[in-house]
Each structure stands twice: as C-alpha cells, then as structure tokens.
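Next up: a single chain in structure tokens, the form predicted alone.
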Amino acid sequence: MTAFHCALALVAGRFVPGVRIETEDGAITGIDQGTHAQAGDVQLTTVVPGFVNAHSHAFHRLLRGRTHDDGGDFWQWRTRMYAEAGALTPDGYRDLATRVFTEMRDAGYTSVAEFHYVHHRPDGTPYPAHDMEIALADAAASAGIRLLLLDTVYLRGGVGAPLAEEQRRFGDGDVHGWLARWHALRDALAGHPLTELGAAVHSVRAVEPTDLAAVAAGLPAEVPLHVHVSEQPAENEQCLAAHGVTPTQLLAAHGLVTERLSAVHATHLTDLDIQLLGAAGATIVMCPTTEADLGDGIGPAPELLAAGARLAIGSDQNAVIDPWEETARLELDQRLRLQRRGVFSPAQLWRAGSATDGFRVGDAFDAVEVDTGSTRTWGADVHQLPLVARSGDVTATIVAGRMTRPQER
C-alpha cells in the first residue's frame, strides 16, 4: 500500500484540503478528507486527476515548427505529413514515440489515445510481428503513460479512390483483413499492462459504406471506436456528393453513432449531425491547437454538449503538447466564435480535460501535481486553473500510483 497526502485535491467536484489517498496496485482504495499526513506518506501540494489525451498522431510531432512557410491549407500540410509517415521504421518510431509520450506525461497527460495507421512497410507488405504497434506499446511503457492504441482501418485514398502510393502502408486489403489483424493484435499486446487496444475508422473518405457496417459487427461492443468527422468542408462535400448524407449521418446509418463513439474534430456539422451525436451520448474530441494550426475552424462544442454529447481534448498533430492550453482554448475559441465569455463552467473544463470531476475510490490513481504559486497561476481560483495554468506548472505526474517528476525543461 502507498499513501499520498495532498495539501489540496479535487474530489467529487470540489477542492478539498488535507486529502490522504491510499492506493494498492495503482488503484485508489481509500480517500480521507481533512486529515494530516502520516509517516511514510508521499507528500504533494495541489493535485488533480491526470489529463486524457483523446487524440494523437505521435509522428506528426516531426512537423512541429517546419510547415509555417508552406502556407496553403490542410491538404497541402497533409502532403508533408505523408512524407514523414513514409520514412518511419519500427525502431525509429519507438524512439520518436518515447520522446513524444514523455513530453505528454511531463505536461500532465496520464493517458493517450494514439490514432495509429502506419501499419506496414512502405510497399504495403506486413511486418512479421506487429512491429509498429509493439513499438508504440514499448514507447508508452518507457514513458510511463497509459496508451489506448487505436488501430485504424484505412482502405481508400478518398471517396471512390484506391490508396495512393504514399498511403499503401496504411491499408490491409479489405475490412476483413483489417479485422483479422486487429484481433491478432489484441493477443500480441497482452503483455503490455499500460496498453489497451481500441479501434478507429480513419474517416468516411477512407472506407466504403459497407466497411462501416462490417466494423460495427466485427468489433466487440466494449471496444472504444474513434473516427475523424467533418474536419474539413471538402470532406462533407465529397460525402454528400457520393452518398447524399453528411459523414455523421453515414456513420449513424451503419450503426456507428453510439455511446462508444469518439468523433474527432466534428468541426463542420449540421443541426441534424449535432442531434445524432448528442442523442447517442457520443464523445466529441476537440483539438483546439491543431484546429487553429491547420486553419480547420471552430466546432460547435457548446451546442454538442447541450445536445447530450461529451467533450474531450486531444493534441492531434502535437504541434503543441499541453493539456492546459487545450482546455483554455476550448473556452477561449468559443468566446471568439460566440462573442461572449463564460461559455463553459470550470467544472465542464476539468471534465473535458480529465474525463472526471475528481478522485474516487476504485479509480486508478492517475494524477497531476500543479504549482499554484507560479508566475502564471498565483492568485488564481483553483477551480479556474484550466484557464491559466500551463505545462510548465506541472511538478509531478502519477500514473497507476507511480510518480515521475518532469524532465529538465
């Protein structure tokens, strides 16, 4: 048993002084409030649940600070991204992802959903033993961060188009080939305790409608499913031209808009799209720093929340790795869009960042210690830290009860 004494901690939606958290095998077994530290306790200051990075492409980190002079739009940026994807090797990806995941951990993320589609060799032939996927699991273990590996079905180069040369390593022939590989991968990852296997559809552009139904039928019901949805107006236009409906409506027609769905970006939605996602209780993963960097636009986050959807954050292309920045921009971008303040409550921002409103018995002890007296945070109401704190204010990250201090910045 390991006990942590927190001078201040977020518990069930409230900041409580003198919180002693007992853990066993990384899970919370007891919470005492208004108490003093005992001999042997790990003593911490202000502690909050760890942040959940609900959407990442680790290798996109290679483009940070290198694409501004290109100008152009998302599609021009994508060409540069494909070039980086084509050069990845398992050993190189392990090293790169370890550095990226470590940066996430030090910023306050305790888990990351890695949207992974660089499956095979550049010519499309498979590696012998899930080499790229194991590289990512190894990297998460080295960094000490939880990994939801979202193995992604990516079969088409666009609506009605085959995979292009630079996309060949993403594909699996057909959806049944992908499903077979997915089930085999589940067994291969069994020895990685910090890694869980989820699934993703890259986008409605990357599959045929019949593939969507096969995914819905071929995956166990409890498996998380993520999809890029309506990130660009061109995606909507192509889907409407080919299928007569929006991407959200196409996903719904094939049984994929359910509570287990995480719709990434969801930037350009119709009123019906919002109703469908809200009624299903789907999660909407907003990636504000990426959406700003790529000029995607600002999605209807408050309307989605009001309709019944849940909000989450993601670092996506990792041009910025800072969960505090993502949560702040979740609010600030909406202020620009709606021209009013206080769009989300502090409680809603905490929940979007960490998927919880505080520590509870039975949960894993994944936590962040934050400096409330830094040049950025002093004087702030602790409830409003998501608006003012940044990654440099993180003084410790705890994953499954194991604490690390940030590397030298």
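Sequential numbering from 1, following the sequence displayed. It should be emphasised that the depicted structure is a prediction, and the values quoted were computed from it without experimental measurement.
This protein has a second form, the form predicted in complex with a further copy of the same chain, left out of what is shown; the following refers to that one.
Between H116, R169, R146, R329, only one gets a heavy atom within 4.5 angstroms of a further copy of the same chain in the model of the complex; which residue is that?
Flagged contact: R329.
Name the residue from G379, G34, G362, G40 that puts a heavy atom within 4.5 Å of a further copy of the same chain in the model of the complex.
Partner contact (heavy atom, 4.5 Å) among the options: G379.
Select, from the options 41-49, 367-375, 354-362, 26-34, the stretch whose residues sit within 4.5 angstroms of a further copy of the same chain in the model of the complex by heavy atom distance.
It is the stretch 367-375.
D296 near a further copy of the same chain in the model of the complex, any heavy atom under 4.5 Å?
So D296 counts as contacting a further copy of the same chain.
Heavy atoms within 4.5 Å of a further copy of the same chain in the model of the complex: does Q339 have any?
Within the cut-off, so yes.
Just checking whether P233 would be counted as a contact of a further copy of the same chain in the model of the complex - the rule being heavy atoms within 4.5 angstroms.
Yes, contact at 4.5 Å.
Any chance R20 has a heavy atom within 4.5 Å of a further copy of the same chain in the model of the complex?
Outside the cut-off, so no.
Using heavy atoms and a 4.5 Å cut-off, decide whether E291, Q384 and S391 all contact a further copy of the same chain in the model of the complex.
Looking in the model of the complex, the three residues E291, Q384 and S391 all sit within 4.5 Å of a further copy of the same chain (heavy atoms).
At 4.5 Å, heavy atom to heavy atom, what parts of 312-335 sit next to a further copy of the same chain in the model of the complex? List them in sequence order, or say none.
Heavy-atom contacts to a further copy of the same chain in the model of the complex: V320, E325, R329, L332, D333, R335.
Compare the CA separation of G72 and H68 in the model of the complex with the one in the displayed structure, and answer closer or farther (the difference is at least 3 Å).
Closer together, by at least 3 Å.
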